[in-house]
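This document opens with one chain alone, in structure tokens, the form predicted alone.
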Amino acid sequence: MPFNSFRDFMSRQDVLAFAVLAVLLIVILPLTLDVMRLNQAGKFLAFGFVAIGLVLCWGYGGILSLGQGVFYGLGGYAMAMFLKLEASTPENTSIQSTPGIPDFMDWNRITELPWFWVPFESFTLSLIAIVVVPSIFAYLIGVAMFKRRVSGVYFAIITQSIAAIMTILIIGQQGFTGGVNGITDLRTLLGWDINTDFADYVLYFVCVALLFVCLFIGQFILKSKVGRVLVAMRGSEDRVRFSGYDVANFKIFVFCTGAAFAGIGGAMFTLQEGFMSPSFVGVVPSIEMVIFCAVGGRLSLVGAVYGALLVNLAKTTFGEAFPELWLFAMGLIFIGVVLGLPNGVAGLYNSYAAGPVDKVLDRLFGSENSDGLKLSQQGATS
């Protein structure tokens, strides 16, 4: 057991942050938003999974990945493949030349289901693939890069290149992936209609529940020995290596964890949106995911979720009014955050609100040594 008490796992400030987020997502949003907007919020939260993984990789591990969209897309495509096969029964596809296969395969004159689609006929194997496939791909990248001590800007550029290559591959293999349109017309999950208002509510709460599972896993990692090594690596990688730790293995672990989180987010997005396409895999969405993390605070797990919500809300609001200017606005947001708020929204809280809040908690519950807060503030200034 790595923790002697609950306080070793979560400080009062951590508990407060998790509680406030839970009230917002479980109570306030469902009570104040209509079903369409709640479904939209659920899709925003799906990007929160990626942002949490980036806090672990980038914020604490010092690994800036500009290719998280690849893992997000792999998880999303894994779920979409299962849903598409479920919708492509011989009865539903009787007008095709080859009934029983997805429509885009029939359009491209493919006469039988490709071998790598076969496992996705099983719901259990599909759920496993959502986590395992992105993790394995991340492991291969990690071994190839980290074992050769590739890091920093070089690693960021390579992951960005991988995202571009993956997009081209998906679009080019139209008969197997649906091409530029992606995998569409997803209707049911195990016979349950996912396009109803009731389904939108259920999937939203499932997304929230899984998000908190990932938050707790991330908190566990950061408060464990692995988290302390990650912080040390960010400060001086060579010193950690000279201390006898295999830096590459720690990087591979946290990179794979971030990929697994991204895969779960992609699967939840597919369920709530009803399709998956290469537009969520490439360079631009991958950079947007980094912006989510930067705006929320790259040293805060909870802040990353707020970042995903805030940036996507701004994207939707501003994009509807000025669609041709949104990319410029996104760039300005990133530049502004880097220059003015290097620790994001969470940094603002630590700088101006954490102290008064802690005093209130002292009066309500008694004095306590808030080690977690102090560590986070020290990390924010390092």
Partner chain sequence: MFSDFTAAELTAIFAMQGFAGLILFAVFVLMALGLAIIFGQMKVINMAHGEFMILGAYVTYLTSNAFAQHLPDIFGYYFLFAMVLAFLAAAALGALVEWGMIRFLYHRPLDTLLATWGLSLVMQQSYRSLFGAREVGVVIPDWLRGSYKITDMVEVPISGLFVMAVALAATVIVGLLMYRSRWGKQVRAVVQDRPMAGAVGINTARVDRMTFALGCGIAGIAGSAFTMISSTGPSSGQAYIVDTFLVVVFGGATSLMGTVASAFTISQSQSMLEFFIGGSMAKVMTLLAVVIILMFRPQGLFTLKVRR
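What you see is a predicted model, and the numbers here were worked out from it, not measured in a lab. Positions refer to the first chain, counted from 1.
Separately, the form predicted in complex with its partner chain exists; it is not shown, and the next lines address it.
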210, 145, 310, 101 - the one with a heavy atom within 4.5 Å of its partner chain in the predicted complex: 145
Selected contact from 348, 35, 26, 327, since only one has a non-hydrogen atom within 4.5 angstroms of its partner chain in the predicted complex: 327
Proximity to its partner chain in the predicted complex (heavy atom, within 4.5 Å), stretch among 162-170, 300-308, 123-131, 81-89: 162-170
Its partner chain in the predicted complex reached by all of 136, 260 and 268, non-hydrogen atom within 4.5 Å: no
Contact label in the predicted complex: residue 66 to its partner chain, heavy atom within 4.5 Å: yes
Its partner chain contact in the predicted complex: residue 154, any heavy atom under 4.5 Å: yes
Its partner chain contact in the predicted complex: residue 31, any heavy atom under 4.5 Å: no
Non-hydrogen atom contact residue 290 with its partner chain in the predicted complex at 4.5 angstroms: yes
Residues within stretch 75-100 having a non-hydrogen atom within 4.5 Å of its partner chain in the predicted complex: none
